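Read the single chain below, which is given as structure tokens and is the form predicted alone.
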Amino acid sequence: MQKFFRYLSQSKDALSLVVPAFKRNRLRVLSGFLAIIAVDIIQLQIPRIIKKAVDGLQESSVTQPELLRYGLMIVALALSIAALRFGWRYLILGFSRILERDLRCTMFSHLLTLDNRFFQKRSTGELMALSSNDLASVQIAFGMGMVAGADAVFMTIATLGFMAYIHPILTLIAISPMPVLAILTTVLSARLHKRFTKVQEQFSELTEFVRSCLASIRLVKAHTQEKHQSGLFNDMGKEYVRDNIRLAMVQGTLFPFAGLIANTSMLLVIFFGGRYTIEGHITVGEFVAFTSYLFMLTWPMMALGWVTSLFQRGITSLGRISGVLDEHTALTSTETEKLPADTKKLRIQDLTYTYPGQNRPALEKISLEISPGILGVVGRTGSGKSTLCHILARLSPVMDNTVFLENRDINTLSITDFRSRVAYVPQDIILFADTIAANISLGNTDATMDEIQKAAATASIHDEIMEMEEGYQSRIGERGVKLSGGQRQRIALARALLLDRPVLIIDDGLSSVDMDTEQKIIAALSGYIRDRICIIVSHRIAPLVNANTLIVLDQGRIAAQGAHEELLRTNSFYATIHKYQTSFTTTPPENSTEPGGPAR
């Protein structure tokens, strides 16, 4: 019983998601339900017409024109039913599609507000399953499921009323098996919910497996893992089918059992109703009408299992969607202050940041003044360089009074307003299966072709683009598969430059570019930077020798800070890396015991 009430509570929370859609479309939904009721009322009149015709034939009091009139009445009612059924399908099923669209848009918009923490614990495959399979279940539940449910409830009540009017005792006999169906439905509902939840979770895993495999198809082929991946997918598919069969066993129990109850009721009516007819308690016409009404009641009884299954699936999926919508970003934004037009100062004050589930801080007691010019960041893998970039790009949350922009705590600023001041080139370059021009102008869709080409030239990629057959209109494939790693990075840099923002962060975004090209890009940036803040994380020190300030990160702390020449004299790690990079073609191994270790 406690599980049942807990399920009701969870269902209530999930259903709150669809209430706004019902309110916005209340006239449409109400009109649809009225059409359903009208269909049921008209259907209930047909047995009455048949009763009159049968009784008239039995008494030899009906004429041929009257029979023709009865037939035409039934035809007219059938045409009315057809028109009204089209109406409720258009209104109710149309509403279910509107609901599906609204939920999809709501979920997508909400996902765009969430931070990195959410996407670290939720796979892309799961989110894709929610926006496809789960939303489809919701649409069916509040489309055909809602129609069948409303139809079954009204038809049951009305039909029982007409049956009771003909003969109350026979009506009680007819419905005597129904409590068994109600008990079975209650027992199987919780099991249906549990098994459907598992099936949906497995579908999410299947979707994520396919997504990750196709996204890494070149790696799979390079390691000759096609057979192994196919085997894994086959095993997952078998498990998915097995659990779907277990779910179908529950669903399959409801529907045939409902049919059994309906047929049992028909048997009782034929036995007892036949006796009442023979004994003269009811006329032949009333018996025919009663069996017609019972036949109408058979559909609601059989539909009960189907409707229950649809709603269970819909509520389960709605609960999964609700779980995502209940997630909130950890990034605070009180929006009490507005940024000035120009941004000339970033300040970090005693910043410590620890990832969820980790004991060791990724950054610890970082204090730094960042002014216009180039700030170079070096350090070993895991020293906190990318974490620092994420925080400064406002992708990870921080405590109050730790990061300031123009002496304003970033937690008091609008996230959108803050990010509109920052252009960010991440380590993992993301390009879309579109043209080069569309990828470069992603954040500035109003940019002219001259502006796009100027940004590409600054990123040293313009000449290579022009050598392509279609130039800037060349399509680059999924994630830029047609380009080299260095080309992808430079296009991403051009995208950031086109934004023309006060702060530019390049998180090891030139690692796949040769050293000569990297130095050329850094030199070109000197003209772009002017009064801007430019933060560059790099494995290589040579391109950063002219940076205004360099910092060395070691285990989340600033181990050294200063200009290039100063660090050569005061920091052994920096001096060692510089020596290796200027004397040899290879860098020291990442497990170097030099203080600070190799850069990431």
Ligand SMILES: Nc1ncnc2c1ncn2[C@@H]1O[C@H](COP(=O)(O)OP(=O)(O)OP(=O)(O)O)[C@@H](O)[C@H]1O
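Keep in mind it's a predicted model, so treat the numbers as computed, not measured. When you see a residue number, it is the position in the sequence shown, counting from 1.
One more form of this protein should be noted, the form predicted in complex with the named molecule, which is absent from this view; the next part is about it.
- When the named molecule is considered in the predicted bound form, only one residue from 139, 309, 387, 316 comes within 4.5 Å through any heavy atom, namely 387.
- When the named molecule is considered in the predicted bound form, only one residue from 295, 240, 355, 119 comes within 4.5 Å through any heavy atom, namely 355.
- The named molecule is not shown here, and in the predicted bound form it never comes within 4.5 Å of any heavy atom of residue 525.
- The named molecule in the predicted bound form is not approached by residue 502, whose heavy atoms all lie more than 4.5 angstroms from it.
- Contact between residue 348 and the named molecule in the predicted bound form is not found at the 4.5 Å heavy atom cutoff.
- Using a 4.5 angstroms limit between non-hydrogen atoms, residue 380 touches the named molecule in the predicted bound form.
- Checking 149-157, 357-365, 73-81, 280-288 against the named molecule in the predicted bound form, the stretch whose residues place heavy atoms within 4.5 Å of it is 357-365.
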